[in-house]
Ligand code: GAP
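This document opens with one chain alone, in structure tokens, the form predicted alone.
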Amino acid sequence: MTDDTAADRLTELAKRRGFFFRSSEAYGGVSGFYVYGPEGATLKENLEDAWRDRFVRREGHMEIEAPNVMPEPVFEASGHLDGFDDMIVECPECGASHRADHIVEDNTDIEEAESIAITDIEEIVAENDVVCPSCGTELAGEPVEDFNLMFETTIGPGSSSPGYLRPETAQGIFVEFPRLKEYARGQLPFGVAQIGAAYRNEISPRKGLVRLREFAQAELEHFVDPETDDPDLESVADVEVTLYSEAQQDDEDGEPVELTVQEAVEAGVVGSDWVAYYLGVAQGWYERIGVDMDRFRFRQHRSGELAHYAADCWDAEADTSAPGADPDWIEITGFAYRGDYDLTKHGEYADDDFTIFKQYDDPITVERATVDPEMSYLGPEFGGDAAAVGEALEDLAERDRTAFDDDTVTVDVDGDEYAVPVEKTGFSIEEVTEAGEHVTPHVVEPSFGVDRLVYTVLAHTLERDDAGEDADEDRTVLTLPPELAPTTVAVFPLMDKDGLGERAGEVAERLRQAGFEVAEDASGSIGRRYRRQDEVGTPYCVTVDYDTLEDGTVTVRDRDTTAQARVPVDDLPGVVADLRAGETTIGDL
């Protein structure tokens, strides 16, 4: 089976069974925008709840919901206006625009072209006779340029207040840090999570949910004191992870290696203890939601592809190709140590405090250099620049008190130098008692692509066998974990007559009242109904038959094994709950 066949098969199933499909198809459709159907919307919600359970509740973090539109100064501070670009090349014949690094990857052996410089990409395009994917025209000699991915809008009438759709949910957390630290009582460490939509004007959206223009993220920003806050590495020390480091990627014969989290930290493969901790936590969570760990790895970002804010970053990657096909690795999560970049930048641009006051155990006495400039001298001497000169003197005193050792001190204001007699600066050294200090927290960020996780889980749980009830037909099965399955249990009457349909409706309602997602189906043979539910991942089916009318029992069938057991209707809600939680099996029954 080719990779294209695997992707096409998944896309066909997703559309036919209501998982996801392209939006606005009645108007021709728009690339990069998808609708989650009834099955997909519930699957996505269940996956988000599983993420919230592991990365918010169990970690003791808080969750917020920030706006999708934010004013321009936010993204000036964050660096997105200047550095949030992809490489674009335009076909001279048909005018189609393509992401240059992607067509290089598609036409060469290069796996990660995003980190390659634009001039080198142009050379690779020419040397490999890369052509336009749309019309086949040669692209050699065509310029490769940066294209900013931000969606621009205006806030209010007119164009005086530009805004942007957020390209990541993280900025909504960073911008609100001055308020959020109050909810954390000013104590580090603390984490803030958000699940929501983000928007990127992708050059060439492709492969369904893998590359979208509107997509969902589940992000956690964990604020820590780099001097004193350490993760609970012991809790994940023995977790085995597959690591594909930068060194292994640079080695022609390099391959991913299996290490425990503890071994990876001790060997320096993962440089940040906090990143290592979240790799260990995430490993177990991926297994929980149905990711095939034989088709999974953590890949370290190479130096050329690191984001402007990241000191180190690892991607969780999943291979979504069919068995036997060439691997198709997609990024599903980024684990970044962002340092203090974000809060420092917003502190420079915004009118608020993006630090935490760190109380000392005991007050300390320190020497501080201060200035008290004589403005009666600075004003006549420097005119309109007097205030700026005064501020420059204050900054210099904090940085380098030895600059005031001579009779004259020189400061720089916007490239111009000003000499000031030291006696006019009011320079002095004073002893002060301090109860604490202001620190800028560092940020550890696990950022999960929800849509790509949905795609991966579907790709990894989609199976086909010929072990179904009708031997002449293949059985397509989504082996979704029960907690993610859109429907927990389906209820069938053996036949829709003799009161069986009414009794099946009563059983279904009892299960709904117990809190389960329930489907009812009375159409076609039992075998076909089973297969329909197998195809959407329903883990359990209940059949109401004539014995039910006599003794009050029903047949419960397991999706993965097709094993069946008789269960009293009165016990059914508890049995389904135990099955879903993994506390019992059909075999036990």
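Residues carry their position along the shown sequence, with the first being 1. As the structure is a computational prediction, the values presented were derived from the model and not from experiment.
Keep in mind the form predicted together with glycyl-adenosine-5'-phosphate (GAP) is missing from the figure; the text below concerns it.
glycyl-adenosine-5'-phosphate (GAP) is not drawn, but in the predicted bound form it has a heavy atom within 4.5 Å of residue 219. In the predicted bound form, glycyl-adenosine-5'-phosphate (GAP) sits within 4.5 Å of a heavy atom belonging to residue 210. Taking non-hydrogen atoms only, residue 440 never approaches glycyl-adenosine-5'-phosphate (GAP) to within 4.5 angstroms in the predicted bound form. When glycyl-adenosine-5'-phosphate (GAP) is considered in the predicted bound form, residue 448 lines it closely, a heavy atom lying within 4.5 Å.
Proximity to glycyl-adenosine-5'-phosphate (GAP) in the predicted bound form, defined as a heavy atom within 4.5 Å, singles out one entry of 485, 275, 477, 332, which is 332. A single residue from the set 75, 244, 427, 215 has any heavy atom within 4.5 angstroms of glycyl-adenosine-5'-phosphate (GAP) in the predicted bound form; that residue is 215. Listed stretches are 186-194, 500-508, 276-284, 332-340; the contact stretch with glycyl-adenosine-5'-phosphate (GAP) in the predicted bound form is 332-340, by a heavy atom cutoff of 4.5 Å.
Annotation for 190-208: interface residues with glycyl-adenosine-5'-phosphate (GAP) in the predicted bound form are 200, 202 [heavy atom within 4.5 Å].
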